[in-house]
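There is one chain below, alone, in structure tokens, taken in the form predicted on its own.
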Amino acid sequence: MATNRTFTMIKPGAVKNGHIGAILAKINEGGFRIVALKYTKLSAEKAGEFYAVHSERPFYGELVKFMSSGPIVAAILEKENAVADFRTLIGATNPADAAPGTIRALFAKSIGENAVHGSDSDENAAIEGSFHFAGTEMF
């Protein structure tokens, strides 16, 4: 059964390039309600822990370095069919393949700097949201 929540992060490159407001606006326009929001910075250790699923992949070290290079915006979003609808809103991982008007088509620079993270399943949305937020931080 699909849940109504998903997790996202606005990544360091998009934060650095001043896209926080525009990305949050696209999220709101997409019908999502923000139930938790945090401006923070991941340590290399925390970024490594968050992306541990990719630890055997060749891009893991570069990913951890990038994700700990500057502040991020973490958020939990709510909407019916949240995970699938958010994946559609953000577009393909490679911005060159992302549909026009999607967040990655508009704000991503490359596959590595693809502007936002979006959970890929209901289970991961719950895990990722709990990684960044305590229950008292969700409304």
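Residue numbers here begin at 1 and follow the sequence given. Because the structure is a prediction, the values reported are computed rather than measured.
If you look for the form predicted together with uridine-5'-diphosphate, you will not find it shown, but the lines that follow are about it.
Undergrad: 25-33, 39-47, 77-85, 108-116: which one contacts uridine-5'-diphosphate in the model of the complex at 4.5 Å, heavy atom to heavy atom?
TA: Correct option: 108-116.
Undergrad: When uridine-5'-diphosphate is placed as it is in the model of the complex, are Arg5, Phe133 and Thr136 each within 4.5 Å of it, taking any non-hydrogen atom of the residue?
TA: Checked in the model of the complex: no contact with uridine-5'-diphosphate for any of the three.
Undergrad: Quick one: is His54 in contact with uridine-5'-diphosphate in the model of the complex, heavy atoms, 4.5 Å cut-off?
TA: So His54 counts as contacting uridine-5'-diphosphate.
Undergrad: With heavy atoms only and a cut-off of 4.5 Å, decide whether Leu63 touches uridine-5'-diphosphate in the model of the complex.
TA: Flag for Leu63 set to yes.
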